[in-house]
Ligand code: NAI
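Shown below, as structure tokens, is a lone chain in the form predicted alone; questions about how it binds or moves come after it.
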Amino acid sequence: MIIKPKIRSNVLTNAHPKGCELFVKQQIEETQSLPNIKGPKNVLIIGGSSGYGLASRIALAFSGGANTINVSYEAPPKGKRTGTAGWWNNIAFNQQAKALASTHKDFVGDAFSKAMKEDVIQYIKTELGTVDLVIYSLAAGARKDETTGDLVKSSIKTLGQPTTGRTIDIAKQRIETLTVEPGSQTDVDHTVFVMGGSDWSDWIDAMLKADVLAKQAKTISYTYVGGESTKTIYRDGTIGKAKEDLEQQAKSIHERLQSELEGEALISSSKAVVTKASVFIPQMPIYVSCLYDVMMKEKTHESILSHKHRLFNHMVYGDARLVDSEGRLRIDHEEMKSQTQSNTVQLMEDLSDDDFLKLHGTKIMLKDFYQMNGFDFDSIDYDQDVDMSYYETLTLN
């Protein structure tokens, strides 16, 4: 099979298994060049097949020696379908992790479901006893309401008034003007149900009841705050309401963990990077490209792996926490410096469409976008046939 990238609405709909393998290997090599993390022994990552969840798993397994469990909803190859990038990332992680003394397990399915929670908890009881860190890094566009059977979908909308801004059509390599319409209260409620903190809370409640959380266990979820240039669509829109719910749920979870286990629940505001979710949000690809350009010139740009390695090494388990008035860990502090924000906004305003596409930061953003699904690696010949019969023999543990 010849596998070339297919894009629909800024979403890559296929993946290259050999490229995904290289994508994971490069992150492993990067984390092995960094200091060891003195952190958790057993980690559950809900949403650990891509993005910040995958980077967290790699950092904690290969720099911290942790045993890991990953829960993710992915699809294997079937017929003409290549399988999802997350599927191949999980395969590649497990292949590389065979050299480690630690153990690693993947559960593929609906992390929102009660059945998945029961399966994971049973595995913990049988194989690990307890876990001392739970990472909630789920990025989903829909969630089944198990009480009604309905599939609830999230939406990216503003609140109050529509907003118009530029975005990039990645497939056509052109800048477009896009208007985002305001959402209804139903849109807000649905987005909060899918992307808020209720499922995170359900996981922790189920684990507390099953007594599979260790003494002084920690749990952490990732949010994004951002600046003025993305505020209308992101923080002040339907997604923002979901993030507010996530952060509020963290306080409730913290109280329960503190009371029962002397543990803690944390929210970390991550730096803007290219993820499956971020490129789908209007205005974000423009902002991320310009931010990359500015931070590379300022020598403060971090890869997704180094960002998460620093979070665990310095803040979650280190003594260099940066906490804001809402109690969030601010690992995004370099991005949010006033000069960095000012330079980024100025660049966004000054660049013509043609100049934006030539910007070094844009080229890096696009490379990151393609490499998430195994494309645009110089060492891979994408005209070469991929023997899918071999890759189909690879299975998860």
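A residue's number is simply how far along the shown sequence it sits, counting from 1. Not measured: the values here are computed from a predicted model.
The same protein has a further form, the form predicted together with this ligand, not shown here; the description that follows concerns it.
The single contact residue among Ala85, Val120, Ala272, Val131, judged by any heavy atom lying within 4.5 Å of this ligand in the predicted bound form, is Ala272.
Proximity to this ligand in the predicted bound form, taken as a non-hydrogen atom within 4.5 angstroms, holds for one residue of Val71, Ile124, Ala242, Cys290, which is Val71. The candidate spot formed by Gly19, Phe369 and Phe375 is out of contact with this ligand in the predicted bound form: none of the three has a heavy atom within 4.5 Å.
Heavy atoms within 4.5 Å of this ligand in the predicted bound form belong, among the stretches 26 to 34, 60 to 68, 340 to 348, 45 to 53, to residues of 45 to 53. For Thr223, a non-hydrogen atom is located within 4.5 Å of this ligand in the predicted bound form, even though that partner is not displayed. At a distance threshold of 4.5 angstroms between non-hydrogen atoms, Thr167 is out of contact with this ligand in the predicted bound form. Contact check for Ala111: a non-hydrogen atom falls within 4.5 Å of this ligand in the predicted bound form. This ligand in the predicted bound form comes within 4.5 Å of a heavy atom belonging to Ser278. For the partner-free chain shown, just Ser137 of 115 to 137 comes within 4.5 angstroms of this ligand in the predicted bound form, judged by any non-hydrogen atom.
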